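Take a look at this single chain, the form predicted alone, given in structure tokens.
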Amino acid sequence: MNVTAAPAPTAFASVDLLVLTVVDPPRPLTGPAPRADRLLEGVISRAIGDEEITGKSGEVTLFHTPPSPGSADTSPRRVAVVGVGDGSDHLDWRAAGEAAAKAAGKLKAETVTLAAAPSHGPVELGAFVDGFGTGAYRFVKFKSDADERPEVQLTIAGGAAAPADLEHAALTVDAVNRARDLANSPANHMTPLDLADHAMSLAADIDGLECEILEEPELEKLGAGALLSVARGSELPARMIVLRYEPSTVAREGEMLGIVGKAVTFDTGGISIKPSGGMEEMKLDMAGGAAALEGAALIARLGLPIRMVCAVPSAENMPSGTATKPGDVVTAMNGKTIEVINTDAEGRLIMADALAWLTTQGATRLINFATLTGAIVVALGEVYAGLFGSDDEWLEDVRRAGDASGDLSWPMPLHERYRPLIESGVADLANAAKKRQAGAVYAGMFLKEFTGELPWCHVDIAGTGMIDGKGTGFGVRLLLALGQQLSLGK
């Protein structure tokens, strides 16, 4: 993201869009707002008096500026007044950034300046940058005029944020938007092999981050029968993509965060094939893997003092003469056998091997992200992800990280009385239940079988990771917030 810091100006610059923030209620006007009100000949004050501007979170009001005297254009072309609620919640500042980005996009603005007050610090301004950068996101890679669309230049003028604070926010924006790019990419351009190449490029660009790709011969030696069973129907091979980060100093001796993300780069459902309507959106079934890779890379890029290993199992789920059939039995890496009742419940299969593998790699706590069940969408919609955990303290840590980051998650039950739903008459486990109940819960119960005795959390992002056929990058900010919590060394 292209963002720069500038001193508080003595006069407003000639830019396409000047952004001002106001609180709720917006009286009296403070910071740069009174000067902008004079520039606009009192129209902001009149709009406040008429209750057209309230300061509510994310509210935006656009104004044209009067012509500059003489021939020189020294004033901004437009002014956007954006509400930040009472100003105390950084998520309201993020909403303000998103609103400003939408206004800039509507105006086709290429230069945008936020006029910040001295009281606006790194938390508020960083959140605004985050919201602006992710709000301005458009997936245009495959548009014929993609190269003709300039990147918006955002300037933060004034305020109390250092350039490093703004760079931190810009790096977060870049990570979230890259995760969205990965998920949004068509399946013929984002295969398991392409995703592995992307992970390799991430590691090459970040000090201390290493990448390892486990290919099918090695996966067979490791006994990853669940992952390999999903890839059997495709001509493309499966991959286990691994990122490792070893910082020079650590906040918690003996601790290692283990991260797993589901990356089914296209999901037809396999032999249990999905309806054709909307199947094109199944390129998004790798959103969990995209968030895991980019969140892990962001932790390393920012140099957080936590040891980390991230495993992203990746495959296509396709129907063919070699595809796994309903009723087949496969053996996961930890030796447990699984009856495949439904080949469209493939995400839990590939993640079973990744979770089991991490228990052998020194991880001391686990978290996974997956677009796993339609049931969680029915339960929680597109606002909260479902949060399941085997350890109350770790679950609460993840929930708090979600609240802090805006990637919200809601705790769900994992009571042992749900366990009969994953029992099989012919194998140790079944990947789907014949009863249509508690689908998100028994999927979580299934994953828990592969986590050993480690504290573990499962974040079901089927409703939050892909909305209206587009990837959201959900999980990247949550992982960063979690990494920041673990960096405290408590």
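Quick caveat: nothing in here was measured; it's all calculated off a predicted structure. The first residue of the shown sequence is 1; numbering continues from there.
One more form of this protein exists, namely the form predicted together with a small molecule; it is left out here, but the text below deals with it.
Between the options M318, M282, A116, V330, the residue in contact with the small molecule in the predicted complex by a heavy atom within 4.5 angstroms is M282. Taking S185, T373, T155, S405 one by one, only a single residue has any non-hydrogen atom within 4.5 Å of the small molecule in the predicted complex, and it is T373. The small molecule in the predicted complex comes within 4.5 Å of no heavy atom belonging to I338. By the criterion of a heavy atom within 4.5 Å, K274 is counted among the residues contacting the small molecule in the predicted complex.
For A462, a non-hydrogen atom is located within 4.5 Å of the small molecule in the predicted complex, even though that partner is not displayed. Remark: T111 does not count among the residues lining the small molecule in the predicted complex, judged by a heavy atom distance of 4.5 Å or less. Residues with any non-hydrogen atom within 4.5 angstroms of the small molecule in the predicted complex fall in just one of 365-373, 304-312, 143-151, 90-98: 365-373.
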